[in-house]
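A single chain, nothing else alongside it, follows as C-alpha cells in the form predicted alone.
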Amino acid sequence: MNRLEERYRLLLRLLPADYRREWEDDMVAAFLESMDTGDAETAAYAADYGRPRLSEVASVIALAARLRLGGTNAPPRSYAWGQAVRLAALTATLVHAVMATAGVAITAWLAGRMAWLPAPAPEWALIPPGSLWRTAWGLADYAWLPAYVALVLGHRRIAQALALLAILPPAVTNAVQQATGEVPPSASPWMMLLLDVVLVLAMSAFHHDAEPVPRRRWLGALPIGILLVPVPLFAIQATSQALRLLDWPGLSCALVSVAIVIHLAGRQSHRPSGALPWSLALTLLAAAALALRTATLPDHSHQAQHSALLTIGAVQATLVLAVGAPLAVLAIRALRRLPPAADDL
C-alpha cells in the first residue's frame, strides 16, 4: 500500500464502519484508477506525495454526512442524529425568518408607512440609505424568509443559496467597517457569521433519504413566532429602556432556555424515542447559544453599561448551561438505549 492509498483510506474513515466494510475496497480501486495518468514517473510521484483532490475530499465528507445524519431507513442512532440536526436547522432558520419578517413590518412603521399605528419616537427615526445599492445591500438579511420557506418545501439547495445571500452582505459590511475604523473591533458579528455558516452546512442534512418536513406545522410556526417573540419585544423596547440591554446573543439564550424548559416539562408525556430528536436538537441549539454568548461577552467591556451588560450576559450563559446540561445528559442516555448499528456490534 503506497502513501496515496493510505491517505485516501484515512479519509474514508469518516464513513461509518459498516459502509466501509462493504464499499471501501471498491472506492479505493476507483480512486486509484482515476489518479492514474498512464505516465510511470507521474504515477510514482503521486504514489509517494499525492493526495486526494479537494473535490474528492468534499465528496467523501458529503457522503459521510448523509450516512451519519440518516433518513428513514438509517440505523436508529443515525436517524436520531439526522432528525436532530434537521430540527435544529429548521428552528434556527425559523428564528431568522421570524426576526426578518418582523423587521419588514418595523421598518415600514419607522418609515411612516403604517399610519394606523402610533408614530415612533424621534430617536427611532430611520436614516435613509445613501444609494439604491446600499438599500438592496441592507435588504439582504430579509432573504432568511424565503430561505426558510424553501427549506420547509424541500428545496434545500435554494434555501442554502438564499441563506448565503443573507449572511454575506453583513459580513462584508462589518469587515469593511472594522478595517476602516468606522466601528471598533468586535467578536460578536464574526461569531454570528460562523454559526450561520454552520447552519448553512447543517441544511445538507435535508438529503433525499430524509423524511419530508411537515409543511403545515412549520409554515404555521412563522406567524405564531412573530406574534410571540419580536412583536412584544419591540413594543416593550419602544416604551422602556430595560430590554435595550438584551442583545441578540442574550435573546438566543432566553429563547433556547424557555424551549428547553417546555420540552423537559412535556418530556414525560412522550415516548423517549419520540422525544430524543428534539432533546438532541435543543442540546445543539443550547451549545450554539452558549458559545455565542460566551464569545461575545468581552465585547461589552468597552461599552458604557459594561458592568450591567457583563452581569446580565453571565447570568444568561449560566441559565443556558443550567437547563442545557441536564437535557444533554438525558439525551445521551436515551441515545445509548437505542439499538446500535451494525458497526457498533
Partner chain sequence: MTEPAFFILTALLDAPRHGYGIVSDVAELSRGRVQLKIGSLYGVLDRLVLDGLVELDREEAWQGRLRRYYRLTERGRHALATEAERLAANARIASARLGERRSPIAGTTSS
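Computed from a predicted model, the values in this text were never measured in an experiment. Numbering follows the first chain given and starts at 1.
Beyond what is shown, the protein has a form predicted in complex with its partner chain; the following relates to that form.
Residues with any non-hydrogen atom within 4.5 angstroms of its partner chain in the predicted complex fall in just one of 26-34, 288-296, 41-49, 307-315: 26-34. Not one of Asp18, His155 and Glu211 is positioned with any heavy atom within 4.5 Å of its partner chain in the predicted complex.
Although the partner is absent from this view, Arg66 contacts its partner chain in the predicted complex, with a non-hydrogen atom inside 4.5 angstroms. Using a 4.5 angstroms limit between non-hydrogen atoms, Ser55 touches its partner chain in the predicted complex.
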